[in-house]
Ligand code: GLP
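Just one chain follows, in the form predicted alone, and it is written as structure tokens.
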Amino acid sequence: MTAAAAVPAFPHQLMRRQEAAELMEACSALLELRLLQRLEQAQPRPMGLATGRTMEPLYAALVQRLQAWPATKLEALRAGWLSFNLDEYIGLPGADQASYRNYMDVQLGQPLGLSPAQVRLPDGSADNPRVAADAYGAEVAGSGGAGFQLLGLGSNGHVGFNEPPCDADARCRVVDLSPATRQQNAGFFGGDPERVPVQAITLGVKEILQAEEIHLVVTGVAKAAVLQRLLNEPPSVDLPASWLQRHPQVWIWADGAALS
């Protein structure tokens, strides 16, 4: 990993600039290393995972690497796997193709033979989403918080579903999704933003910042403007991702288009 030229917003950052395919291979190689290290730990912290189009090629590259492991090592990985996803829509059953539960089953659960109990998400179909959010936050805290945390970057600067304005002390909760986020995620709903749920449960910025290290993956020219804001603006409630500047171990994985 090569260090980028320092920018004021992220004095401790490590940033990789490559084409998207090379970027995903490099990122998946580091995540594979972290999983190997995790096998050697007596009480490893769980992984923090994310969803979205950006993560699909990353998970595909990671699965390919892990499926090449010797059978005994892969079985040890399965036996010790525990991850917590950032968020889930409210009102979608887990079997719905647009739910993040289904996304994680398709991307990681089924290819690696992991159970839903190992790949955990908020319960977006709970009768009382606020109680479910509190319970999920408590479960993450009780596990010790994430070892490494994967993040994508929303076009309005959100991480998880922490929509602006959002302060650094925000915890796991129910949130209203902005029109910008519903438009961005419409591709999972037949291109119609009106079909995107209006609320979600999300881990807060506070839980994200409690991870040991954070990996923010940003690809495509559509994210160039918000990435430049993140790299150059001071922390602000108007740009939730900017609170990452307070974390000492943030890796920014950005392709050439996102850095254009």
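Note that residue numbering follows the sequence shown and begins at 1. Quantities reported herein were computed from a predicted structural model and do not represent experimental measurements.
Below, we refer to the form predicted together with the ligand, which is not included among the displayed structures.
Practice task
May I ask you to state whether residue 172 is within 4.5 Å of the ligand in the predicted complex, using heavy atom distances?
Solution key: So residue 172 does not count as contacting the ligand.
Practice task
State yes or no: in the predicted complex, is some non-hydrogen atom of residue 197 no more than 4.5 angstroms from a non-hydrogen atom of the ligand?
Solution key: Result no; residue 197 lies far from the ligand in the predicted complex.
Handout entry: Close approach of residue 136 to the ligand in the predicted complex, 4.5 Å, heavy atom
Key = Residue 136: no, not in contact with the ligand in the predicted complex.
Exercise for the section: Decide whether residue 87 counts as a contact residue for the ligand in the predicted complex under a heavy atom distance cut-off of 4.5 Å. Expected result: Although the ligand is absent here, residue 87 would touch it in the predicted complex, with heavy atoms inside 4.5 Å.
Problem - The single option of 44, 52, 235, 220 touching the ligand in the predicted complex, heavy atom within 4.5 Å - result: Here the answer is residue option 52.
Practice task
Could you spot which one of 147, 152, 129, 109 gets a heavy atom to within 4.5 Å of the ligand in the predicted complex?
Solution key: Contact check passes for 152.
Practice task
Specify the contacting stretch among 206-214, 52-60, 65-73, 23-31, defined as having any heavy atom within 4.5 Å of the ligand in the predicted complex.
Solution key: Only one stretch passes the 4.5 Å heavy-atom test: 52-60.
Handout entry: in the predicted complex: members of 172-187 within 4.5 Å of the ligand, any heavy atom
Key = Counting only heavy atoms within 4.5 Å of the ligand in the predicted complex, the contacting residues of 172-187 are 181, 184, 185.
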